[in-house]
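Let's start with one chain on its own, the form predicted on its own, as structure tokens.
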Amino acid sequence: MKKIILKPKRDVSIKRFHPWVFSGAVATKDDDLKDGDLVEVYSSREEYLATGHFQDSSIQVRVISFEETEADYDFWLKRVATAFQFRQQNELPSSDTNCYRLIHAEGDLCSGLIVDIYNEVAVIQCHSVGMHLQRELISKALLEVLDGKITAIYDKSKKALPSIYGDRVHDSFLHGEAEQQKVSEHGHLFYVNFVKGQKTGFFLDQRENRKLLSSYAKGKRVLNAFCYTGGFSVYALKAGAELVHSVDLSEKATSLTDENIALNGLDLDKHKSYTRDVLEFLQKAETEYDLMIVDPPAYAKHQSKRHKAVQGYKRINAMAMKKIAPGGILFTFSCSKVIDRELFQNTMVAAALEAGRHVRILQYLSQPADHAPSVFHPEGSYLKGLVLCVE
């Protein structure tokens, strides 16, 4: 197998089971290495450390095993079976929830791989060339482990892969075919378009936070900002909200929100969607909301954009705090990996100062168990949320 040798004293993180090898740690590598190759990583003392997929980028190796392996079918079968067993221990799937994340990249020792289940469809998303080259073996393992539970597997990796490789591939079915799925989450119904939707089709990582929102929503006037497919809106209405306004810049998102409201048989007179810029909507809003959800897309995907992202989070949350009713509840989130929990909370402090409101933290929010990160890979803990009381 092809090899990479690290510089002296640059093996500390990998010995602590961090699954990424950065380019700056590499001393030498085989001349004929190409993107996607399976490589073994060695210390400067020629000591075996790990096996992973090579990519000529800042992350040069995504580790898939800290033991020597050829990553054959049996290897992937074990990885998928272990991941499924973990979800079953966390009661997924269940009688009222048939959509969940089956494989969460580094959290399941599958760096570069996401697999989401939507009823009878598995959606694969590969973030590395090496993982994409393994997609047929992974699909075969999925069919064996989930025997009878899925009828189709869809590869949605094109936009997640490096462009030099991704431009040459197409999203497609690896097994079977299926249309848009109707899924259940805690008994709430949603249409999921895994072909045209964002990410793999639905934001599964907010499942438990949507459930929590239900306990705050009864009798409240609710604003769901950056609503996407209306997840929080459906939960709020079903919990007895007085009214719900859903706002998103995407007309496709607000249309799908309306479809999901109707799908659940909820009172359409209590809901209205607005295809608007959220900040502009807040600035002009005349309704005094008791409960707000601010869940924007990632404002920064790279460290260089972090300062700009912080300003964006502060601006939108300060406006929400200015507009919310006294004693109102604000669910606010960041999914930007480069914004850690401390920085996000400090940004909310800055927003509260700008708004001139007294704000208390009621709860800290994160991602659910099917998105569990590895303790050795803190970058996997990407979703930060706070439930705030704005007085």
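Numbers for residues come from their place in the sequence shown, where the first is 1. Note that the structure is a prediction, hence the values are computed from the model and not measured.
Unshown form predicted together with S-adenosyl-L-homocysteine (SAH); subsequent notes refer to it.
- Segments offered: 118 to 126, 172 to 180, 104 to 112, 203 to 211. Contacting S-adenosyl-L-homocysteine (SAH) in the predicted bound form at heavy atom distances within 4.5 Å is 203 to 211.
- A heavy atom within 4.5 Å of S-adenosyl-L-homocysteine (SAH) in the predicted bound form is found for exactly one of S250, N193, S184, T82: S250.
- Of the candidates V145, L161, L291, V278, V278 is the one whose heavy atoms come within 4.5 Å of S-adenosyl-L-homocysteine (SAH) in the predicted bound form; the others do not.
- Although the partner is absent here, P296 sits close enough that one of its heavy atoms falls within 4.5 Å of S-adenosyl-L-homocysteine (SAH) in the predicted bound form.
- Taking the partner from the other structure, S-adenosyl-L-homocysteine (SAH) in the predicted bound form has a heavy atom within 4.5 Å of a heavy atom of Q198.
- A residue is said to contact a partner when one of its heavy atoms sits within 4.5 Å of a partner heavy atom; Y154 fails this definition for S-adenosyl-L-homocysteine (SAH) in the predicted bound form, lying far away.
- At a distance threshold of 4.5 angstroms between non-hydrogen atoms, F226 is in contact with S-adenosyl-L-homocysteine (SAH) in the predicted bound form.
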